[in-house]
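The chain that follows stands alone, in the form predicted on its own, written as structure tokens.
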């Protein structure tokens, strides 16, 4: 089992990240999120009118669209859309806006690993920018397990390619519980528990970054 020192060292290996909000004029909220060389542009529309076929009488409908850097969306994008949608539904207070829709559009600018995590973090920043009511914030951390059993946080595309397992977790800001997980490859129960613990610890850095980003933005407005 990993010691707290080893967990801390794994968490400190996050690549440099940055974000900017309120970039686009047409969406109700927008943001960019950069993790290393991976970059996502997010836009949030809503609450807005919803098609009758997608209307839910007691809460808002959440739609997520991921546009790849080149070409048309495929199976991978659809799987990532479901992960982002389920995480957003867990965080948003959808019952406050029944019979309406909230649409999150994520444009991939560049992919150098940990793409799903970057999409989730960009979505959260855009939802904050839109001012939508949420029970908690969320962030995401990706862990790769190498063939030698080493756990790498926030892996690059090359590290993902060389790994035997890839695990992505979405964590809430209140109790640090896991809201969503997406895994590929083979790993043991112990490795899964270690990756969850590392992701929960690393999420503290990202939530602190959220707070500092919002503080800087509103201090400029004053």
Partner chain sequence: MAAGFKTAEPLEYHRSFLKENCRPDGRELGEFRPTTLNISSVSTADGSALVKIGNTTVICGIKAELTTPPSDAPNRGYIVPNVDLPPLCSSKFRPGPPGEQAQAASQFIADVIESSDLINMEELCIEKSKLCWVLYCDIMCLDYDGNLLDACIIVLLAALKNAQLPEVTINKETDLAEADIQKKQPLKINRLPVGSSFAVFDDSIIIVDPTAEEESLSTALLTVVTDEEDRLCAVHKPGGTSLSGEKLQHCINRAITRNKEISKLVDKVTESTKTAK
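Residue numbers count along the first chain shown, from 1. Because the structure is a prediction, the values reported are computed rather than measured.
Beyond the structure shown, there is the form predicted together with its partner chain, which is absent from this document and is the topic of what follows.
Contact check for residue 74: a non-hydrogen atom falls within 4.5 Å of its partner chain in the predicted bound form. For residue 85, a non-hydrogen atom is located within 4.5 Å of its partner chain in the predicted bound form, even though that partner is not displayed.
When its partner chain is considered in the predicted bound form, residue 69 lies well away from it, no heavy atom lying within 4.5 Å.
Shown alone here, residue 197 lies farther than 4.5 Å from its partner chain in the predicted bound form, counting heavy atoms only. None of 157, 192, 34, 50 but one reaches within 4.5 angstroms of its partner chain in the predicted bound form through a heavy atom, and that residue is 192. Distance criterion of 4.5 Å from any heavy atom to its partner chain in the predicted bound form singles out 90 from the list 152, 90, 94, 108. In the predicted bound form, 177, 178, 179, 180, 181, 182, 183, 184, 185, 186, 187, 188, 189, 191, 192, 193 are the residues of 174-193 with at least one heavy atom within 4.5 Å of its partner chain, listed from first to last.
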